[in-house]
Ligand SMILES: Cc1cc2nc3c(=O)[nH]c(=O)nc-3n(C[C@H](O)[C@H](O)[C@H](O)COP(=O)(O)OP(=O)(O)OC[C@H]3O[C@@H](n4cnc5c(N)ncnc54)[C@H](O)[C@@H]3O)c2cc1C
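What follows is one chain in structure tokens, specifically the form predicted alone.
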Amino acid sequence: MAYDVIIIGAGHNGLVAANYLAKAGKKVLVLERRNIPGGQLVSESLGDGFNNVDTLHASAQLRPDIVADLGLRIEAPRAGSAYTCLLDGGKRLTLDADPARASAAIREFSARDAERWPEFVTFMDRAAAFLDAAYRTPMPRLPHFALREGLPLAGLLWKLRRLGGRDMFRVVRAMSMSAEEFTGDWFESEALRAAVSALAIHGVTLGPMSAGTGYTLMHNWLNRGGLAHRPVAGGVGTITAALVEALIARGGEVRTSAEVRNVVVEHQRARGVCLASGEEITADCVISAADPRRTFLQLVGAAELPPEFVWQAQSIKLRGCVAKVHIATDGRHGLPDGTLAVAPSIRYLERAYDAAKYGEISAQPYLEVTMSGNIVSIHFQFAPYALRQADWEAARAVVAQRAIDTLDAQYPGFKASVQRTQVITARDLESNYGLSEGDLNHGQLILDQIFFMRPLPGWSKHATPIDGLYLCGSGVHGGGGISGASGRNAARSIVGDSR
């Protein structure tokens, strides 16, 4: 059968793009290499005692306009739970979603910081709203672009100006700052600065002293809706289920266990795909939700692309550093509800990052912990994709042990409640979930890989050097985290081009 559009990958961005295109009247087929759709957005069984686990992300929320545009039947995320930073000496800083209650907790560490907290939350919400507007805005193809391509950017600059002189300056300045510098401008308490800085480095291979973590703080605040996770009723996989249901209702198709071997290119135009089984499927348009480097160098192939473009694609920085540790306990783990962060100080977080620089697993890692019944899920940083003096099969147990020991030091007796563990390493993220180098963002969120430079300078509008081939994954403008923005933007760009 011939299709108007084939989408490679049934992750959230691929499914969002598919729904928008099906809504526009296109005949759409989504192909997924795994036996379940969802990509990173899955709730699945990991074996005995691990049923319906949110495997990679503890929470997720598509942008509200996407939910409304597509008429998705998704329950609104629950109100934000508490975010607790675990400090040295058994101390705790619990930041409630209510700024007033958070201020009361902060007052034990600093009266000045307690007064500033509500203003900080207001600023972060405004900065996140501007970033959301930036992610909606098509980036011009620098250095040469038509005047009409620059008009949306002019509108974005006007939105920035409307923040007011002080907040406009703060937003622009914060993007290039380190989290250490940024939080130092706001607060004096080390405990509060560390709690906020932990969100800035979540999921990226950077330390709080790295330039640009001011930007990643705003990015993660936007996607999460604040500091703490907002759990999804039934698990994050319910979002994927809603997207698949909506696509089928619009006449689209989703095929699982259908790995794409390559994009079929004829005379510099995409004509369809060839599956690993040997089956060929034709389409007028092919969209890849895979990361840009894998798309260009594996699915298309260097021979079909200009040499300079190949060099640029090879230079995309993918540096996965995250491991996930899921622990089945006897229920007596002693951990409170909410989001827990092991981040005693900025220096602690920076030392955890230092290990990754040398290809080592952090001995004192930054952890973020969430609970679901008797299952404890731990986001572990830093556990780099490229280990220097070990292999991941041997190191897998090291990650689990260090995660358990670190948490047991904070909650004595936790170790005694552990029954079974499941570890997902950066290597597993690549082999099982198709994330090159285990990078959750399909490319590091660093200053030279954002906005009009994402995924590559001059190619920020989802098109590629191959006619009829587009990108819609997290590696393009608007991507990184679970929002669906890049899938929405890609679909709108394709519909616009077809007109």
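Quick note: we count residues from 1 along the sequence shown, nothing fancier. For clarity, every value in this text was computed on a predicted model and none was experimentally measured.
Same protein, other form: the form predicted together with the ligand, not shown, and the subject of what follows.
Here the marked residues 34, 40 and 482 all reach the ligand in the model of the complex, each with a heavy atom within 4.5 angstroms.
Shown alone here, residue 435 lies within 4.5 Å of the ligand in the model of the complex, counting heavy atoms only. Although the partner is absent here, residue 8 lies within 4.5 Å of the ligand in the model of the complex, judged by heavy atoms. Using a 4.5 angstroms limit between non-hydrogen atoms, residue 464 is distant from the ligand in the model of the complex. Although the partner is absent here, residue 67 lies well away from the ligand in the model of the complex, with no heavy atom inside 4.5 Å. Interface residue among 137, 103, 422, 223, judged by heavy atoms within 4.5 Å of the ligand in the model of the complex: 223. 289 is the sole member of 179, 383, 289, 349 with a non-hydrogen atom within 4.5 Å of the ligand in the model of the complex. Of the candidate stretches 279-287, 398-406, 215-223, 337-345, only 215-223 contains residues with a heavy atom within 4.5 Å of the ligand in the model of the complex. Contacts between stretch 179-202 and the ligand, counted in the model of the complex as any heavy atom lying within 4.5 Å, involve 202 alone.
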